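Starting off, we have a lone chain in the form predicted on its own, written out as structure tokens.
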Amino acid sequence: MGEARTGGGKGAAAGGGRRRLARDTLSRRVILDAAEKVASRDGLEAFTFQALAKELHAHPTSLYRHFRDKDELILELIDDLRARSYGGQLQATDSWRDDLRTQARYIHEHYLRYPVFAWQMAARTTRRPTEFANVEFALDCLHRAGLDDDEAVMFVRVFGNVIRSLSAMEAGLHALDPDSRDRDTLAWELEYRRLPADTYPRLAGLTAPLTAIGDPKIFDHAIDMLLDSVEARVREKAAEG
């Protein structure tokens, strides 16, 4: 990618006066950093190679030297963000249960840190190093707990789906404008309690408000339920001999 030239002198972009990046200035690292900035600012729906190239003062075609298409770039960015959030921090201890809980909390915090990417992170497989390391870590925890391969594989999927779904829902709530978020939260606390008892007797009979989606106790309780189910299965296997 060479510098654009106009009558105004070397390096001036035609009609715009902005310099394009010099040849070989772009790298995967530079592109990933700019992609995070553009997607976080404008949303993934508006994220295009054209928008990214504008941010970089480059030509869109120059991006294809580093990434095949937008999808490859998004998957690379998702894995890169994971690596920056908690890559290398998952270390096995003598408690498989504590280790899985730590992993769940890292993932949860990561989703809240990057809410714009939440649904992509929840639904896609990046097939890249940080994702591989996450799955390897979880499988090792479950083998240490006492599950066999078939059961460990199933639980890894359930565990991962629950963690990421709950985290994505909470991240989506945080991504709402403050007024919408407050209205949703108050609905669980107030509007549900005002429903007519003849139509909704169970709801009307509650002595405490329903727990809001963003309540952190929900995530912790879900992790406890999942880990308890592993321990219950291990006890069943021991009883079966």
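Heads up, when I say rigid core I mean the largest set of C-alphas that superpose within 1.5 Å between the two forms. Keep in mind the model is a prediction, meaning the values are calculated, not measured. Residue numbers here begin at 1 and follow the sequence given.
What comes next is about the form predicted together with a further copy of the same chain, which does not appear here.
- Judged by heavy atoms within 4.5 Å of a further copy of the same chain in the predicted bound form, the contact stretch among the candidates 59-67, 46-54, 31-39, 183-191 is 183-191.
- In the predicted bound form, a further copy of the same chain stays beyond 4.5 Å of every heavy atom belonging to Thr25.
- a further copy of the same chain in the predicted bound form is approached by Phe155, whose closest heavy atom lies within 4.5 angstroms of it.
- In the predicted bound form, Gly146 stays away from a further copy of the same chain, with no heavy atom inside 4.5 Å.
- With a 4.5 Å cutoff on heavy atoms, Pro178 does not count as touching a further copy of the same chain in the predicted bound form; it lies far away.
- With contact defined as any non-hydrogen atom lying within 4.5 angstroms of a further copy of the same chain in the predicted bound form, the contacting residues in 159-181 are Asn161, Val162, Arg164, Ser165, Leu166, Ala168, Met169, Gly172, Leu173, Leu176, Ser180, given in sequence order.
- After superposition on the rigid core, displacement of the C-alpha of Glu136 between the shown form and the other one stays below 2 Å.
- Positional change of Leu195 between the shown form and the other one stays under 2 Å at the C-alpha, relative to the superposed core.
- The gap between the Cα atoms of Thr185 and Leu44 is smaller in the predicted bound form, by no less than 3 Å, than in this form.
- Look at Glu45 and Leu176: in the predicted bound form their Cα atoms come 3 Å or more closer than in this form.
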